[in-house]
Every structure is written in C-alpha cells, then in structure tokens.
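Coming up is one lone chain in structure tokens, specifically the form predicted alone.
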C-alpha cells in the first residue's frame, strides 16, 4: 500500500524507507516554534538540562504573540525572558512584540515553513501548517526543550484519515465552512492521534 503524505514526510525525516501507523520513530525536525506562553517553560527546561546552545539558531522560531501588548508584569517578564534567550542564542527567527502578529500566519508569510517540512511547536494550533503540505503538530514545552537541544523528537506515526470531497461549492461557501461541517460530523476527538488528508 502506498504511503500517505504524512508517512512519507516522517519516513524521510527519520531516515527510513517507510513507516507504518503506530510505529514509534525518532525524526529530525525542520522548524521548532515557541511563543510567550510556552517558550519560557522550554527555556527553563533547556537550562535545567545543562544545555548551552540550541540545535540550530536558524530553525528555532520564537514569537511573542499571545500577550502583545503585555497585559501584566508576568506576561512582560515572559517576553523579556524569551527576548534575552533569543539574543543570547543569536536566534535569527525571533520576532519582537509588535513586529509579528499571529505566529501561525507569520511562518507561512515569511516562507519559514514549506511543503515537506516537519514542524513542531509548543502550541496546539501548530497543525495549521498541514495546509502547506508539511507535517506539523503541537508538543509540550518539555518536548520543545528537547528539540531545542537535539533537533530531534520521537513520534508515533499517526493513522491517516483521507477525506474526499466532490461537487461544486455554493456561492459564499468556502474552505472554513467545509472544515466546520467536517468537524461537526466527526466530533472534537474524531481524529485523535490521526492526520487528516484532504482531496477531491
């Protein structure tokens, strides 16, 4: 059976000929993302591990976008911690408060994520980059810290749900309408630990 897009990307990044749903693999990450809520925890774990340098200063993206402008002292401290870490590590893809906007719109706009990439981010909406033909998933802050150190992470190869759409859209009906309809049919956990591939 032919591998899905997700399986092809994961196999390529794990250095394997093929992978199968349920298989545990270790794969190299192209882009790792942290924001002003999650990155401070990752930075703390990075330091606790005794790490001195991130795996690649050009492939770690840090964006303070949740508290811009800062809503209180704690959020300002989180942004300050991230800024200082970015300067210390010479992170090329650090976007200052007010320079960026929504992280998941910024990465595609800047050409940081491209088709075939393997992307992890300490944010549940990281799966957004699947729309670009990348494999992307949210991870915890501790997992992000591990990627910051090694550039790799373990993954359980997900099952793939192939969604085939046919026909023509009515006027004023767009992609978001289709996705909301699909979510309504599947339920909130209908694709738990699965990748969804859309086609027509």
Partner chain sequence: MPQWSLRAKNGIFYPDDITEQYVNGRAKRKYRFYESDKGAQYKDIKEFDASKIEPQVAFPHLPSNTKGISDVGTVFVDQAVIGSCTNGRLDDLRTAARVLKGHKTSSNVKLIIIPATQMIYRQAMKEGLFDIFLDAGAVISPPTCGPCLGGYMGVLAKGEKAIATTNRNFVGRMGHPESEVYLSNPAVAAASAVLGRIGSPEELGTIFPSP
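Everything numeric here is computed off the predicted structure, so don't read it as measured data. Positions refer to the first chain, counted from 1.
Omitted here: the form predicted together with the partner chain. The next part is about that form.
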Inset, instruction - Report whether the minimum heavy atom distance between residue 109 and the partner chain in the model of the complex is within 4.5 Å. - result: yes
Inset, instruction - Answer yes if any heavy atom of residue 57 is within 4.5 Å of a heavy atom of the partner chain in the model of the complex; otherwise answer no. - result: no
Legend entry - Partner proximity in the model of the complex: residue 177 to the partner chain, non-hydrogen atom cutoff 4.5 Å: yes
Legend entry - residue 16 within 4.5 Å of the partner chain in the model of the complex, heavy atoms: no
Inset, instruction - At a 4.5 angstroms cut-off on non-hydrogen atoms, which residues of 107 to 140 are near the partner chain in the model of the complex? List them in order. - result: 108, 109, 110, 111, 112, 113, 114, 115, 116, 117, 124, 125, 127, 128, 130, 131, 132, 133, 134, 135, 136, 137
